[in-house]
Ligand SMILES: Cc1ncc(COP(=O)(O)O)c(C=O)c1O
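Take a look at this single chain in structure tokens; it is the form predicted alone.
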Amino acid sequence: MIVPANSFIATSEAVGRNRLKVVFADIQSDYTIDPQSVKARISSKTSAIIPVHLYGHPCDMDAIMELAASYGLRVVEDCAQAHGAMYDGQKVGTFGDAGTFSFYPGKNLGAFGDGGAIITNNASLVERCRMMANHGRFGPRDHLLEGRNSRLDGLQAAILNVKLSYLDGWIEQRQRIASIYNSHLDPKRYALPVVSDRVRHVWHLYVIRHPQRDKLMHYLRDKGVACGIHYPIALPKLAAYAEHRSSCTRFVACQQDVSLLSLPIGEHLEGDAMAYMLEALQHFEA
């Protein structure tokens, strides 16, 4: 299965846990999987593509679905960071054979604990997923396969049900914050996010690049500005995937990981906090 080189390990981990081979593809300027890199890695053994709508930016789903149709491949969309995101007016998670969502508390739509969901319009896949989440159970006593305990408990579901009605408003606030960053940060000093005009970006993260990322990060933290790195080591460079390292050294993802920095973003941010952060960024001396 083909996965992007820049993502959280959960994406590639899902492939390995199912005893399938991970094949990494590079990313493009918006940090999502590069369809041309995917095409170059398709072989007779390829079964599926996992496009990750990273940081809240949808992948190029026209190109991905065209490749899938041409080569008879499945598409499983990783929407863990893209609740409510759209590509050409269509919600992510509805293009491929299935879409997966995370409800980890830090997500745009988060529960008060771990949780997630799978969406699909394939009835047989629905049945199998439900069995997998409930120890492979079929009927009150029988188990057709070995599954796991992945049931979403009622408390988390109730919390998500309430929060769902606020999601669009939260997305709009995140978009406003991203717009403030975009209009006030100097693109000559910071590599700002690239956004396709075909998407609704939901800004789970606002990620910039800087050649002295670590110095910038420590400077901001000293100023009381929380920031993070998503992700500090590209997947092919992790010890868990050592066998892939040599074949991916020229990947953009494997070169940019040392310069990525996630700035604060969220529906909770207000004008004074934004002004303080922007002033700190404008006065940073490399």
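Note that the structure is a prediction, hence the values are computed from the model and not measured. We number the residues from 1 along the sequence you see.
Beyond what is shown, the protein has a form predicted in complex with this ligand; the following relates to that form.
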- Task: Consider Ala10 of the chain shown here, and say whether it contacts this ligand in the predicted bound form, taking contact as heavy atoms within 4.5 Å.
- Result: yes
- Message: Residue-level contact is defined here as any heavy atom of the residue lying within 4.5 Å of this ligand in the predicted bound form; does Arg213 satisfy this criterion?
- Response: no
- Quick one: is Gly115 in contact with this ligand in the predicted bound form, heavy atoms, 4.5 Å cut-off? yes
- Using heavy atoms and a 4.5 Å limit, would one call Val52 a contact residue for this ligand in the predicted bound form? yes
- Testing 188-196, 130-138, 169-177, 72-80 against this ligand in the predicted bound form with a 4.5 Å heavy atom criterion leaves exactly one stretch, namely 72-80
- Heavy atom within 4.5 Å of this ligand in the predicted bound form: which of Thr120, Gln156, Ser102, Asn108 fits that? Just give me the one. Ser102
